[in-house]
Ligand code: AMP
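Presented as structure tokens, the chain that follows is alone, the form predicted alone.
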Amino acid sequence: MKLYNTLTRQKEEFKPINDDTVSIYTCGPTVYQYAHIGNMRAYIFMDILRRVLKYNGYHLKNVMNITDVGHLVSDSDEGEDKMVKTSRQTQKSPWEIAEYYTGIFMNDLQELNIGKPEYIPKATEHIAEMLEFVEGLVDKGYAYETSDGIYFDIMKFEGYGKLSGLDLEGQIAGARVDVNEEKRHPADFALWKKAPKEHIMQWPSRWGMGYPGWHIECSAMGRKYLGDEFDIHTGGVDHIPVHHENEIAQSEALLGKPAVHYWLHGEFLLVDNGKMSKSLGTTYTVADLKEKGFSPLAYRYMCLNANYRSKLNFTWDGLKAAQTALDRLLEGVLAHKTADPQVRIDEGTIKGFETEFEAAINDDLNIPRAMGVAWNAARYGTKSQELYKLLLKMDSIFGLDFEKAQAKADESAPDISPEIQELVNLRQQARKDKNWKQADEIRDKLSQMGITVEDTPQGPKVVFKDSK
């Protein structure tokens, strides 16, 4: 299995620290508002990685944090806490806000068939671990105190900038770096912020009351649940130049060694070839997709047809095309699902599909190529339940609910009463059991009621004699 490591800028053979268990840290949501579909693309990427690792026989130890304090309105250290800002605007406590939006986020994961990580810790429940981390950095001389907080001294860390590949001057010139005359270097970042008395969220520390910086949260929680070293850290590409760069600096400064072996990043989702914008009303949510009549799995399918390291452009027409394509793929799956169980396919054909599929998923999660293999299997001329089983195995990666494939109802067909449907079901079961006598008796009974049952590859179709 090969993965693209952002740190080395190349595909590398994946070798976990432990032979059978993979440790992963995923940057989770800041729960101050609804997660949009761009956010959810990052978690679909996380889910695909999890599924491929499981497919390869690994156990998982995956942490995804819930940021409910410390993420300021700027990704640097300026402005107010996002949770506090929403609290002020809504007149609700930060904890109420966090609970509400966390619940919505978890429901969105379920709607998109995204599996939950093994650990989902909240930042507010790990203040002690963060303070221990900050104190360790201060004691080692990597951090210093100012009037408004404790800052990491990037000039003390020789490798700063190695993840993003930007030189320090480039970082300084970036719009994300604020101006603070007390900081030794403009790019120094806050580990702990001192809180004014009126600040809603604050905890005691050896520097007085305060709250954690955003970056320290992930390093502290990753260390608590995964140890000093772990295999993979995932997130969006927007995290590379600041958040993840700062995580590397503070973790390696404290530990004296790399904490993360592989850094994986998912690309942006564009909307109409532009950035998502609240002012333009293009920060769509999963609820918005459903409101327009689309299945959330159509959006998942759309994401799977682009490499996770490539930008993906979202349009409503594109989503409609994805919904149509998914429906057709499910029709192909259904044709194999309802095939004659006596039909057999050459073992080499099955193995050929499986080998090509596994080569794709293990080549840096090449899901578009793997999807092409699934399409070829679904379209294969001979319909076979053996191919259906293979498609289900592929769907353990895709997460598109192949096992729920069923014939679409004919909207022009008349309503069928529960009694008639029960007879149709009994006849279908009798046919599966090769109880031809019972099947014929039920057919005759339905015929006397003016009903004909047509057996199609998609299943039985009920036709009222006067409706033909």
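As the structure is a computational prediction, the values presented were derived from the model and not from experiment. One-based numbering along the sequence shown.
Unshown form predicted in complex with the named molecule; subsequent notes refer to it.
Residues placing heavy atoms within 4.5 Å of the named molecule in the model of the complex fall in a single listed stretch, namely 39-47, out of 39-47, 396-404, 56-64, 433-441.
Interface membership of residue 229, defined by any non-hydrogen atom within 4.5 Å of the named molecule in the model of the complex, is ruled out. Taking the partner from the other structure, the named molecule in the model of the complex has a heavy atom within 4.5 Å of a heavy atom of residue 268. Shown alone here, residue 239 lies within 4.5 Å of the named molecule in the model of the complex, counting heavy atoms only.
In the model of the complex, the named molecule stays beyond 4.5 Å of every heavy atom belonging to residue 325. Contact annotation: of the candidates 138, 276, 166, 350, the single residue with a non-hydrogen atom within 4.5 angstroms of the named molecule in the model of the complex is 276. Among 332, 235, 213, 117, the residue placing a heavy atom within 4.5 Å of the named molecule in the model of the complex is 235. Residues 27, 28, 29, 30, 36, 38, 39 of 24-39 are found to place at least one heavy atom within 4.5 Å of the named molecule in the model of the complex.
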